[in-house]
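Let's start with one chain on its own, the form predicted on its own, as structure tokens.
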Amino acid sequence: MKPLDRILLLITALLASYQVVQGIAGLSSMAIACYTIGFGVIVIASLMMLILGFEVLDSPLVVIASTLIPLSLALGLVAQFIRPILIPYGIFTVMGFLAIVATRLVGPKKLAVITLAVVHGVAGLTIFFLPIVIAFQAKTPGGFAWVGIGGMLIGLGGLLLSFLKAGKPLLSRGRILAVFPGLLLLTTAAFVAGFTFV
């Protein structure tokens, strides 16, 4: 890991920590809890990579923990803006997380990748489209669409890592790891910027 990568990861951890401490006023306890978990995992993941290097990305436990980022952020958005579907979406989130845990620990690798792609895909699409649609409908200030941009970036990062772990990388491992710290920082910055408009 290059010194620049460590600097980018440190900035990412600080940004996510700021969001955890700052919080978002006036939301339901469910939405606040989900956002806190999402940004908290970003802090932990950034610090783990900073201290232990990129090798931590090969651990199944890190993959399982990092799944909490899109799942919790997506559930927080649903809790904040689409409460009528909160219960079914919450069930999907819990079942999806448990399926990822189960397929990572036992079962064929292909099933683990498919499960991860489906669960991450639904969560990623929620994070991408929902803030942009809400901002477009003027239910929030336009700047809230930055959360959707963050969703697109986190989805890109997740796809790169998923295909890498499946043995069919879209880019070489070296290139993926070279762009990952910057991509994580841009993702976190977009999320923090967007949530300032709530």
Partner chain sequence: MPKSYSALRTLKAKYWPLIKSLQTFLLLLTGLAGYMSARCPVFNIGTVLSVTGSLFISISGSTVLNMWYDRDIDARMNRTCWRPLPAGIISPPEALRFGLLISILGIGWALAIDLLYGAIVFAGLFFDVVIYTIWLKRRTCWSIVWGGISGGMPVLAGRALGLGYIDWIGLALTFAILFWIPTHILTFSMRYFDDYKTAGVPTFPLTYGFQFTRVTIAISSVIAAVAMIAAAVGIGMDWGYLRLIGVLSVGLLGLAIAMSVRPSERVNFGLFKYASLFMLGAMVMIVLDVI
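Residue numbers count along the first chain shown, from 1. Note that the structure is a prediction, hence the values are computed from the model and not measured.
If you look for the form predicted in complex with its partner chain, you will not find it shown, but the lines that follow are about it.
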Please check if Val20 has a heavy atom lying within 4.5 Å of any heavy atom of its partner chain in the predicted complex. yes
Should Thr36 be classed as touching its partner chain in the predicted complex when contacts are defined as heavy atoms within 4.5 Å? yes
Is there any non-hydrogen atom of Leu156 lying within 4.5 Å of its partner chain in the predicted complex? no
Taking heavy atoms only, is Val43 within 4.5 angstroms of its partner chain in the predicted complex? yes
Based on heavy atom distances of 4.5 Å or less, which listed stretch (49-57, 141-149, 126-134, 156-164) is in contact with its partner chain in the predicted complex? 49-57
